[in-house]
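Okay, so here's just one chain, in structure tokens, the form predicted on its own.
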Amino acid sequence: MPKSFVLRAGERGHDVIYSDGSASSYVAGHPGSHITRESSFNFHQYQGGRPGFGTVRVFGDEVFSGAGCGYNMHPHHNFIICAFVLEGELTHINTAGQGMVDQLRQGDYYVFSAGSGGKHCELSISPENMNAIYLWLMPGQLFLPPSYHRAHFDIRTRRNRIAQLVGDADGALPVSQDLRVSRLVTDRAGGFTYTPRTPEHGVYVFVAEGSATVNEVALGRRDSLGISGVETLAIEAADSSDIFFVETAMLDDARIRAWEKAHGADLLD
């Protein structure tokens, strides 16, 4: 039996966090710099009204505004964090492996698996706004060694087809979870088909730009659809559209809460 929900752009959680005042130790940047966060789901400081979707706990559409704006160095463990840069430049410092300082620009993306414990810092050094999609995932196994991988999505060579960026495909960034992230960028209107691994897998479809109809549901800019229990998704995309597909194994929320209670909710942070 198919299950689905539609989340319109204006129905997402909305927050503005400034670099001064009570958040100054967490949010970097000159006075007046701020992070605008639109949240699809409800998790800790990410508030979107809906619980997570499968293994996904956060889907954040974030803008860093002002020189030096971003997140100061902070810890995570037992979470997988992905970022997909849509505009601007993101400086990402992380402690996985030997540690590194990475500069990500439009089309670049990373997968940071905090595992047994790691720290990172994310900044927009230039005065230009930085916009990124952030994805937080529950890991398939706790306390794995921290790891970091990054890649680039070349719009010029990968447009007008659904390209897998994260997961099990050749050339995709690896992740220790039953999850795939794919992207479709179009420069002409057309029809596409997305096939989940099984009908039991769910797909969260997010229209970053443009518009699309997915299984007869009309979606505009920043609208999204979560759906499971289907064998395929029929997509009619407008020209100049940018669409993300996050496919995940579906989890029973009651089982997740029972697991967190038994193991300690602070294992995931």
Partner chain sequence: MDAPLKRWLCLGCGFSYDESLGLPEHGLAPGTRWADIPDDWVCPDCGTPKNQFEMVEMGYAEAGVDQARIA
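The model shown is predicted, which means the values in this text are computed figures rather than measured ones. Numbering follows the first chain given and starts at 1.
What comes next is about the form predicted in complex with the partner chain, which is not displayed.
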{"query": "The partner chain: the contacting residue among 142, 100, 189, 169 in the predicted complex [heavy atom, 4.5 Å]", "finding": "142"}
{"query": "Listed residue that, although the partner chain is not shown, lies within 4.5 Å of it in the predicted complex (heavy atoms), from 77, 150, 159, 197", "finding": "77"}
{"query": "Residue contact check: residue 30 to the partner chain in the predicted complex, 4.5 Å heavy atom", "finding": "no"}
{"query": "is_contact(residue 37, the partner chain) in the predicted complex, heavy atom dist at most 4.5 Å", "finding": "no"}
{"query": "Residue contact check: residue 47 to the partner chain in the predicted complex, 4.5 Å heavy atom", "finding": "yes"}
{"query": "Contact flag, residue 85 vs the partner chain in the predicted complex, heavy atom cut 4.5 Å", "finding": "no"}
{"query": "Whether 106, 206 and 222 all lie within 4.5 angstroms of the partner chain in the predicted complex by heavy atom", "finding": "no"}
{"query": "Residue stretch of 39-47, 206-214, 233-241, 61-69 approaching the partner chain in the predicted complex, non-hydrogen atom distance within 4.5 Å", "finding": "39-47"}
